[in-house]
Ligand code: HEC
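Here you get one chain, nothing else, as C-alpha cells; it is the form predicted alone.
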Amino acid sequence: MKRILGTLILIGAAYASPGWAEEQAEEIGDATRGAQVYKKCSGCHQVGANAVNRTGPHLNGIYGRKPASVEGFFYSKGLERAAADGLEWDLEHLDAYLENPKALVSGTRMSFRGLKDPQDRHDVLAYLRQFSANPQDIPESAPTMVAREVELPPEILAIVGDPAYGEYLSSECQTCHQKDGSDKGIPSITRWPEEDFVIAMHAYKRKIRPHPVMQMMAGRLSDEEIAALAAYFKELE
C-alpha cells in the first residue's frame, strides 16, 4: 500500500513536466517487461487500437473507468454490484484486482488466479497505462497483436452453428462447466465469443492446449458440432 500511495504522489508531480506520461509509466513499473507479463492476460483481454471485447472486455481506457461499464459486454453480477457500490479502476484497486480478483470482487466470473509478484503487477499496470486516455492527454498506443493459438481455415471460422443442436450436445460440457457462468474450480464458458470458443476447441483437438480430458472431448467433435456448441454458449443467459 505504501508503494502504491507513493506512486500516486509521483504521478501527480509528473503532470508538471513535459514528459510526464513516460515518467508515470516508469514510476508504476517497467512497461516493456509488462508487455511480456501481459501475455498471461491476452487470451481474454485485448488492448490497443481496434481492441474488441472477447472472453473479457477490452482494457483500453481502464484507468478511471467504472467496473461493468464497457458497452456490449456481459458482466458478472459481482462486478455490477461493485460498480453500484462506487468502485473505480484506479491504480490501487487495479493492483488489488490483479493480485486476487475474487478477493476484491466476490462473484466475478474472471477465472484468473492473480499475479502474486508485486513487480509483475506493477509492470502490467505500467503497460496498460499506455493504452489509457484517463487521466487526460495520454494517446492510445499502437495495437498489440497477439497470434491465435491455431490458424484455422476461413471456412471453419465461417461455419454458422445451430444453437439448438449445441444445447443438445452441451450436457457433457455442463458436467464440469456451470450453466449459470460460475467457475467453481473450472473456467466459465458462458457468453464466450464464438470465434474464441472455436479456436480453443481446435487447440485442444490438435493437442496444442495441454489438458488431456479436453483433448479427448474436442477430438470427438466435428467442425459443425464445435460451431454449434460455440453458438449455444455464446447466447446462454
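For clarity, a rigid core is taken as the largest C-alpha set superposing within 1.5 Å between two forms. Numbers for residues come from their place in the sequence shown, where the first is 1. From a predicted model like this one, the values you see are computed outputs, not experimental measurements.
Heads up, the form predicted together with the named molecule isn't pictured, but that's what we're talking about next.
Contact annotation for residue 35: none of its heavy atoms lies within 4.5 Å of the named molecule in the predicted complex. Not displayed here, the named molecule is kept clear of residue 122 by more than 4.5 Å at the level of heavy atoms in the predicted complex. Contact annotation for residue 208: none of its heavy atoms lies within 4.5 Å of the named molecule in the predicted complex. Taking non-hydrogen atoms only, residue 29 never approaches the named molecule to within 4.5 angstroms in the predicted complex. Heavy atoms of no residue among 52, 92 and 191 are located within 4.5 Å of the named molecule in the predicted complex. Taking a 4.5 Å heavy atom cutoff to the named molecule in the predicted complex, the contacting residues in 200-218 are 200, 201, 204, 209, 211, 213, 214, 217. In the core-superposed comparison between the shown form and the other one, the C-alpha atom of residue 41 has shifted by less than 2 angstroms. Fitting the two forms on the rigid core leaves the C-alpha of residue 208 displaced by at least 2 angstroms between the shown form and the other one.
Residue 58: CA moves less than 2 Å between the shown form and the other one after rigid-core fitting. Relative to this form, the distance between the C-alpha atoms of residue 102 and residue 210 is reduced by at least 3 angstroms in the predicted complex. Shown here is a form in which the CA atoms of residue 197 and residue 107 lie at least 3 Å farther apart than they do in the predicted complex.
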